[in-house]
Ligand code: UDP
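In structure tokens, the next block holds one chain alone, the form predicted on its own.
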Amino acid sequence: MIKLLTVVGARPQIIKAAALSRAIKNNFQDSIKEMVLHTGQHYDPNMSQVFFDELEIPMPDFNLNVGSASHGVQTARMIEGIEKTLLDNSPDFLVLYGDTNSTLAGAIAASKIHVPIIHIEAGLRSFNKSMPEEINRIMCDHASTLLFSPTETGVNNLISEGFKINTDPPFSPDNPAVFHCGDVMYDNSLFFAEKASKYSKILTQHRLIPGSYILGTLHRDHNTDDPARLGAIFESVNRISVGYDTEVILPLHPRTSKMLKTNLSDTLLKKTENNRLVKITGPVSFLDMIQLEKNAKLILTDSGGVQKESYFFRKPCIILRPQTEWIEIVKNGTAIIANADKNKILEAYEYFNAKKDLSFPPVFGDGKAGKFICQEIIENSIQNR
């Protein structure tokens, strides 16, 4: 029996990890035992028992409850807690996702005591090292033994950094294995889309007609905390909604809503609040978000995850950032990087509003990434013994 310890730090990582947990439960219970450690990096009041039950996600076995702090303090607390859990439970592998401080802490803790690391979502690069996430993902990749990349671009990024493909076992951080596995969130989107159709009432609640509205999300500090960038984005939202008589729904975190009052001009704030076509709501549940994405006409976002989900649900996407880790969707012509440039946002919307022949080839796999990862863990655990 292979023992895995999976480390997550926030609700999105728990949802990502659900794909692997579900694959283990459905296909590999006799071969793999998984324990889940939640660092408590982000406190989320929506993570109740209902959240885990509704999404069929296992409750964490361990919770460090580290809470918010500076990067250094938070990461140090997580390293200490993860190391103790590793020593107490002796897993065969530590499983890490993405690029959070929890990912970095897990990589440091495991590498110091020689527990092999599995990194899921390996090879993603924004090529912007001013982003903490970029440093976290690079450091985790270079400490890992098994690297699972969701895309061919991710694999090519690893090759350019010196990783070898098709190397022979036994595998180690000095001789890691790289796999192109597809995206675990595509697994989840297919699985949860059915649940969202059954349980979500978000469209009825806001009187939204499928295929007729724009979904917008905004949370990154460089957009919310910069009055010029925030103003350009909301000028665009108002222009598009009125100019095309199209509703825009914006589920915003309370902090982002607060920044609207702080960083938008009085005139623009009043215009936005009086615009009957712009609906600003509080945060929505994961299933509600899936339902909004699946039924939107177009998605406007600065979220990496939402960019990708726009592609899963075959929706054009305007990216409110200067770059993206998901360059495939830009190269495919289904997403446009507009940054926080009002003219580029408007031009991107005009383009997508007129273009009706977008195609969405399966660049993120077949929806079975979790099963593939489990099979490779089992095979390579045997080869490494």
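One-based numbering along the sequence shown. The shown structure was predicted, so the numbers you read here are calculated from the model rather than taken from an experiment. We call the rigid core whatever largest set of C-alpha positions still superposes within 1.5 Å between the two forms.
Heads up, the form predicted in complex with the ligand isn't pictured, but that's what we're talking about next.
Can you tell me if V284 lies within 4.5 angstroms of the ligand in the model of the complex, counting non-hydrogen atoms only?
V284: yes, in contact with the ligand in the model of the complex.
Just to confirm, D183 within 4.5 Å of the ligand in the model of the complex by heavy atoms?
No, no contact at 4.5 Å.
Any of the heavy atoms of H219 lying within 4.5 Å of the ligand in the model of the complex?
So H219 counts as contacting the ligand.
Could you confirm whether S303 comes within 4.5 Å of the ligand in the model of the complex, counting heavy atoms only?
Yes, S303 is a contact residue.
Go through M289, L86, I108, I249 and name the one with a heavy atom inside 4.5 Å of the ligand in the model of the complex.
Checking each option against the ligand in the model of the complex, the one that comes within 4.5 Å is M289.
I have V178, D366 and K368 flagged as a candidate spot, so tell me whether each of them has a non-hydrogen atom within 4.5 Å of the ligand in the model of the complex.
Verified in the model of the complex; spot residues all out of contact, no.
Based on heavy atom distances of at most 4.5 Å to the ligand in the model of the complex, which listed stretch, 276 to 284, 108 to 116, 198 to 206, 145 to 153, is the contact stretch?
Stretch with heavy atoms near the partner: 276 to 284.
Even though the chain is shown alone, can you say which residues of 69 to 87 have a heavy atom within 4.5 Å of the ligand in the model of the complex?
Contacts from 69 to 87: none.
Checking P176 here: with the core superposed, does its CA move 2 Å or more between the shown form and the other one?
P176 C-alpha, core-superposed: shift of less than 2 Å.
Would N128 count as moving between the shown form and the other one, using a Cα shift of 2 angstroms or more after superposing the core as the test?
No, its C-alpha moves less than 2 Å.
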